[in-house]
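Laid out below as structure tokens are two forms of one and the same protein chain, each shown alone and named structure 1 and structure 2.
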Structure 1
């Protein structure tokens, strides 16, 4: 991959010299191609109308490439390997650091320092952008804080088994056992699980955020310890307890057996169809989304957001996904100015990214949303309201791409922001709980050794975690296998990180 990237970059540099414009003035692009995941509006949810509105506001043609959300990074890697790079792409922290190190990303440091957004006086989370710098340079833009996950538990299920919300691992384990064995959905059939997740380990940093009660203080990737020394968390003693808890949860039936192959949508469906009673997912807007899913399936919708269990260090405030410009982009300054720097312009474009398209995702019209159902709500003319979700009838939208609660910039003075009127109590409660109990995730600098070995090393770790969880290996057997296959890679990466 590195050789291919180097070749593509060399060709791009030659071409850029050949077509270098005579003027240094930022030129407006005629077209921008973006590569996005499911956090941006999808085709079933009005992507065409969003694209048309963005083009109307910008005067630029927008081409959207959007793979299936759960396969996003597999497809992205294929796209990068092909040499046909988009102008802009969304990246998680791991891919951001790796691609920055490999030369895939354009350095936007000076563009950001001179940008209208940075110098607008409206930034409220500028430290988020500072935290994205790699060796002092910025290669990606975040429109909102990273945020993270909290654990939601069904109040109706707790009531059904006569239990309270757990505060310790022992209490949590007891609740899980009751959710499996005491018929919490009262259908007379033993067909429930306590929880499910999209894999025993997440596919991107902070990795453990979907099963925090099982991992607690363990972290399977690289991090800096209290002395500021980089270590491989997979080799630390805390991982033994974490994998043994995962094994207990799986073998006792607390964890849905399809967890190894689940996507996040599968887990949401299991929550809404009453297969599971505990689900760890994003704080904020998703508190309402999950509630709406339950309502739509005619289930009790009260969810309790749990604080971290006693002794656990707290949730991870993840390094946010970033919007990055590829280093082969023909006009990166223009793409930054007209795409990145307008995303938080404080006006119409920021409104579009936050709330969507009028009369598609939201409206001011006098109308009844979801008429003829017990969820019908009537609005008067001129009152802002979200409309019924096009992809999930029976629910309403709660945002577009940017979560209004965690946006990195305020709207301009005098510009109407509906947030104050429409953010719901459960959003605020879960966001406040997360903020009070979260810690910043690490952004791991990329090194040559990291780029070369960490992909195979992560695959090995994930496989060993799954095998221990499912009882196919003991912890000691897994570590023996790790010592044989991965310890050398791990040591090389740790040494390279500590040498920086």
Structure 2
């Protein structure tokens, strides 16, 4: 009898397995609706041609909804509120965590684990995807690393004060002192500062990326410590040292006195007009842009990208924007397979997302780009080159959506990637330095307490940091003020994060 039951069960299992594949097979969607910001090719820049090429490669109809870049999240929120959610949307880290938390996003953990991209052997930044997991689950896909800032220092100024690039805080302090007092621009006037930033603390995560030498291991917002416990970094001992360094830097004139009211453009101008010699800004393309700014102002343009100071844990790699599938999508597996899993396919689709459409954004034809101008460049037949920007004449494209330098996957072996021929060396150097010395920023999940109190708490913290840095308050006075006003809110938020 037992044998008979076993036999029947075995036959049933075989039959069920024979039936299963048909239901488990991913169905190809007929149409995919995507909601995108201005980081994807815009209409004036050839979106129609991009859409046609994508449809040709995939055999799927693509509907693109692209609100104005600056109003993207306002429009997206309205779309979400309306209940008519797109299949796919681009989300910044804050929206990603919050939407995942509220059940707006489809859980793609299993799909990713079994994806062609993950198992292709071409991934170069797989830790970026791991960093996107919330409580071990993945709700979004990043095609490139988030990127971040490195510190640039003027070689000419170092030479002028006869010093080497600093590697420790003490050396950094000595260089700053020399940049303020030893006339590094050799104009005979004491009119220079070491560095400048747009505020003592940034307005968005990871907050401290514009003054990393001063903050080092301190982080004034919420993060998970090594034990996986959420803490408020503002209350940690490392903040004391950070605020004292800021105070030293400001009172000794190393940090530009107008830091509190600076915008990032003001800081770039101060670098290019020789007011400052050290500037922490984005790695990659910006290395070239800063160099060009200095050249345009007739200054020596050599910038050294500094590794983190000894003992400092490294630069923050921002949580990158992600492609997420909405939880109301009718065929999320199909959308994942045919949209997200093809984005870094190592071939034509990856080329399309990285470099755009042939003879629209780039070309191999023999031609002169921007003829009749001082920027005219002539290319021979068969040489890859970007074409003149359709929306901004006088400039050329540098990429499509995916940055070739920070892309998360290599092209397939044997597939031509023009990156080495078109990306400038300082761009690659700063990107490599950043990649070698960066750490992933935290994704902070949203809680009710966070929504209720973090606005007031952040205003309080930023004010105290500024006042200590400017010498209007001591660290102890600031912490006494924090205990009185903000400790309660901080505890409530920390407890809510640890209870999740």
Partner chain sequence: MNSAVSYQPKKKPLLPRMKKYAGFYFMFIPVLAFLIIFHYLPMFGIYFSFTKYNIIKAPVWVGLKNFERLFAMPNFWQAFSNTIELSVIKLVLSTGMSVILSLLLNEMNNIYGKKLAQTIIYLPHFMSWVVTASVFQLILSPTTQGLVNSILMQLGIVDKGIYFLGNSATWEGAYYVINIWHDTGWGTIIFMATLTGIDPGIYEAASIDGAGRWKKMWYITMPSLANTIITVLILNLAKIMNLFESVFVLQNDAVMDVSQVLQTYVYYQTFNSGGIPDYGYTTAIGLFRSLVGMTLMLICNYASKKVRGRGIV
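Remember, predicted model here, so these are calculated numbers, not experimental data. Residue numbers count along the first chain shown, from 1.
- For the form predicted in complex with the partner chain, the corresponding chain is the one labelled structure 2.
- The rigid segments shift between the two structures, and of the options 273, 370, 146, 85 the one at their hinge is 146.
- A two-part rigid-body description fits the chain between the two structures; in it the smaller part is rotated by 33 degrees against the larger.
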